[in-house]
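Below, in structure tokens: the form predicted on its own, a single chain.
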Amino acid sequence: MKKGGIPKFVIYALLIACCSIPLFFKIPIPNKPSDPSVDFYKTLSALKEGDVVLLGSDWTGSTRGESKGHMKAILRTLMRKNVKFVIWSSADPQSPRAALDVIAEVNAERVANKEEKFQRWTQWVSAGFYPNADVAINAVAQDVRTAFGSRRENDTNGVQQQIFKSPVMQKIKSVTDFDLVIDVTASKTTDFHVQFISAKNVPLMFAVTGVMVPETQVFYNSNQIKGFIGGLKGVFDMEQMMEKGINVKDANGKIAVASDKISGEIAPLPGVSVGQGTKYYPTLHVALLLMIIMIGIGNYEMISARKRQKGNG
């Protein structure tokens, strides 16, 4: 660091402080959910008890700051509405483990909140991992019974059975029998879902990382997907809508979460809703503020150095 600049250890100390101290406080952030997030929540809220969702888990620990929050919000919603789901992965061999860990965490929340645990086999099943995402997604789109035909799960008696014998999959003859398809992803599986699944006229939605939002917005604008949540903002949007609903007035007549995208109200979902989105989103703002300040200081130092050079010249 040149003379007159801020020492490196000071910058790192400020960064650590800005990224850790806000986590210990509940900092309210004004927020208007994006239209894709509103449509995402609206579509999930319209699901009925007994519906079946095909839920792709195509993320790993590398994007857990965003994707884990997406997955938790989706699972909390499906479980509270008693919507059955099939979990599967096609992007990375680590993806199934990440999904199963989150399901266990959400079930632990439910038990702590005196809610019934969502049961494997009767309420959800895992179809496992499939390499070559494009081939796998196309196979599911063409013939889901063949694509998932070799997969087995333990039934309630501990006997291995084909997953199509589970109460979750009994009515599924083709991908069009799913009431909704969702992919939580950090990869190009979105392209393959649009290419193969959207063509089947199945309701399709995504939960993507922040860097994938612009390309996913194209799918949303062209009505190839019903909605999507993107990045940490998407996690925060979901948690706020789950906790407070949309266009719902409180006791004082104020609307906590408003959107012009829909007419009327969409009710909140009772239970544990807030999590890492509500916790991390204020921290992100503080970190970005620090970055802007550091850029300003850096530009000031650069301009001052140039003036000194001209003066010495």
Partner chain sequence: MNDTIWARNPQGDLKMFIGGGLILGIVLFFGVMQTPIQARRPLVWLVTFLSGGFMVAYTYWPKPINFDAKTELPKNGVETVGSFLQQSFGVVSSFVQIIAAFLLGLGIFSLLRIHLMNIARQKKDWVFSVILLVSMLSMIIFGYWDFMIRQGEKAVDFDDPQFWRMPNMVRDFLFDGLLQQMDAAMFSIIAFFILSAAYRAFRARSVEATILLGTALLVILSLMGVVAGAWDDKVAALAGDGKTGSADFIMNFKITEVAGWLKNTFQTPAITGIKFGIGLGTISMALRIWLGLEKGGKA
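Not measured: the values here are computed from a predicted model. Take the two forms, find the largest set of C-alpha atoms that superpose within 1.5 Å, and that set is the rigid core. Numbering follows the first chain given and starts at 1.
Another form exists, predicted in complex with the partner chain; not displayed. Remarks below refer to it.
- Taken together, 21, 39 and 304 are entirely out of contact with the partner chain in the model of the complex: none brings a heavy atom within 4.5 Å.
- Contact annotation: the partner chain lies within 4.5 Å of heavy atoms from the stretch 219-227 in the model of the complex, the single such stretch among 238-246, 72-80, 106-114, 219-227.
- At the 4.5 Å threshold, heavy atoms of residue 155 stay clear of the partner chain in the model of the complex, well away from it.
- Within this chain, residue 61 lines the site of the partner chain in the model of the complex, having a heavy atom no more than 4.5 Å away.
- Using a 4.5 angstroms limit between non-hydrogen atoms, residue 285 touches the partner chain in the model of the complex.
- Although the partner is absent here, residue 281 lies within 4.5 Å of the partner chain in the model of the complex, judged by heavy atoms.
- Heavy atoms closer than or equal to 4.5 Å to the partner chain in the model of the complex belong, across 248-275, to one residue only: 260.
- After superposition on the rigid core, the Cα atom of residue 288 is displaced by 2 Å or more between this form and the one not shown.
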